[in-house]
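Read the single chain below, which is given as structure tokens and is the form predicted alone.
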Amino acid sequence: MGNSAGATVDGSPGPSAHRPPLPDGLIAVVKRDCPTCELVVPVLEQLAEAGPLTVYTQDDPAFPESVAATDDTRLAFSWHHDIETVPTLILARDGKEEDRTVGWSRPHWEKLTGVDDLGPDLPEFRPGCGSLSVDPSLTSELAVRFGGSVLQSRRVELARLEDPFEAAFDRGWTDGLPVVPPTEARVMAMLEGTSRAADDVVAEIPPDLHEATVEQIAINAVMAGCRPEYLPVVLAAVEAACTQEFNMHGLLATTFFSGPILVVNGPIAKRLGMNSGGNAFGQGNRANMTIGRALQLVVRNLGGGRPGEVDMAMLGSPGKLSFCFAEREHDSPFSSLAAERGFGPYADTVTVFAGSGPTAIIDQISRTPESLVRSLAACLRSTGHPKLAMGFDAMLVVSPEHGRIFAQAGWDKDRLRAELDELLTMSGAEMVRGVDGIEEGLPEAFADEQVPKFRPGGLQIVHAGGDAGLFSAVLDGWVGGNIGSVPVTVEIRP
């Protein structure tokens, strides 16, 4: 795994180069758990009497009882000879396949075997069943077992009595919670989630600037608990977080609270079952939790961004474990974050924002946008500190109930932003150092200025949350702009 976690844990049977021989004559591949295989047992009896017949059985060595069968429950023969359907009937001469047919079709079986009047009491045709060798739950393991691994990462051999979960803790590969052991089979299954080549370099991961490949990121996605279909989102998140604009190294090195917050837009959020509604920032949704966690594990295990070393956060936040959610687009009164950042309405994107945990905005009384926007602005003024401006970014998350107040009045995001900009332009005289007995604040030079709270582009607005609750939230950001971090949006590629 990597520098640590760019490796796989070997917990499955090793690859085998053994290829079962192809006997001359007729070869049938069957399984008991297939009605058509049960149906053709009388035909197999006829063929066994007529000449050489070898039967391979995938799930029960005793099937069929009336014909001698070869045990293929490890699926070696089926895998090596590309059996996709059972029953499969093959004709072989001189050790090579000449012809095959699948399922049951009297004309096809008679043509292939040269035997007439096969199964006279059977229907003329019945489709077969899927071979166990192409069962999605087994294909990755079989590829490792018989095909040899194509993975380039180093293997970590564990002692027979070593617990793989404890081994990950002992080697420093975890974020404090157990990780899924990244066996070769699991990593190969994860790589099925993307069309990108396993050795494609995705990004240089700070702070160590390790060149991370798709394969190495997939290993950490396995460890985080991702499903294969999540991998394209993880890859895009890694790309975005490792840009100079986002400044992941600086975000790690700061003593501030912040970490990367991921916001996913587009149809992919629904396809993955991501949460944009109730408890969107919380637990309970696998995609949200594991995608965000995978990014953090990549930074930790491949980039070396470990707490107490390069990660110097004084307090940190729970978001440093995982902070990922989807924007609630289907009933939003606003254009999406992705659209505002220049992407089309059907683009699948992930945006990384350097922020910390949510601060509640409570307004259960306002029923006009004019009142509600003042509540939002009042809470946004305290981002970082009420007497500091243009330094810290923020993300305003408007809930559906608050969003409906703006929608009913015809306010779109441009109108909301314009009103907020006006309300968040404050008198420097109230914000300079020493005012109100508070030594923190702006330098005296700002006393005669009108000062915007946020730098241009420093306030992001998104729509998320459950149907009930007159609450919104501010996600306080880190230092914005060239000296800190800029939000970055990347399109998600398959």
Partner chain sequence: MTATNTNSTTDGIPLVVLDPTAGKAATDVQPAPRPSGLSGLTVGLLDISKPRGNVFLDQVESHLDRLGAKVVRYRKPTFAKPAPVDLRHEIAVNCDAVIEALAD
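Numbering follows the first chain given and starts at 1. Keep in mind the model is a prediction, meaning the values are calculated, not measured.
Here the subject shifts to the form predicted together with its partner chain, a form of this protein not shown in this document.
Quick one: is Thr349 in contact with its partner chain in the predicted bound form, heavy atoms, 4.5 Å cut-off? Judged by the heavy-atom cut-off of 4.5 Å, Thr349 is well away from its partner chain in the predicted bound form.
Applying a 4.5 Å heavy atom distance criterion, does Glu45 contact its partner chain in the predicted bound form? Contact with its partner chain, no.
Is Lys413 close enough to touch its partner chain in the predicted bound form, meaning at least one heavy atom pair within 4.5 Å? Lys413 lies outside the contact set for its partner chain.
Test of understanding: in the predicted bound form, would Phe406 fall inside 4.5 Å of its partner chain by heavy atoms? Judged by the heavy-atom cut-off of 4.5 Å, Phe406 is well away from its partner chain in the predicted bound form.
Its partner chain in the predicted bound form: contacting segment from 374-382, 229-237, 266-274, 212-220, heavy atom within 4.5 Å: Careful reading of the contacts points to 212-220.
Phe281, Trp173, Trp104, Phe334: which sits within 4.5 Å of its partner chain in the predicted bound form by any heavy atom? Contact with its partner chain in the predicted bound form is made by Trp173 alone.
Looking at Ile83, Val397, Ala326, Leu302 here, can you tell me which has any non-hydrogen atom within 4.5 angstroms of its partner chain in the predicted bound form? By the 4.5 Å heavy-atom cutoff, the listed residue in contact is Leu302.
Spell it out for me: taking its partner chain in the predicted bound form, does every residue among Gln58, Gly250 and Thr255 have a heavy atom no farther than 4.5 Å from it? Every listed residue reaches its partner chain in the predicted bound form, so yes.
Does any residue in 61-91 get within 4.5 Å of its partner chain in the predicted bound form, counting heavy atoms only, and if so which ones? Going through 61-91 in order - heavy atoms within 4.5 Å of its partner chain in the predicted bound form - the hits are Thr73, Arg74, Leu75.
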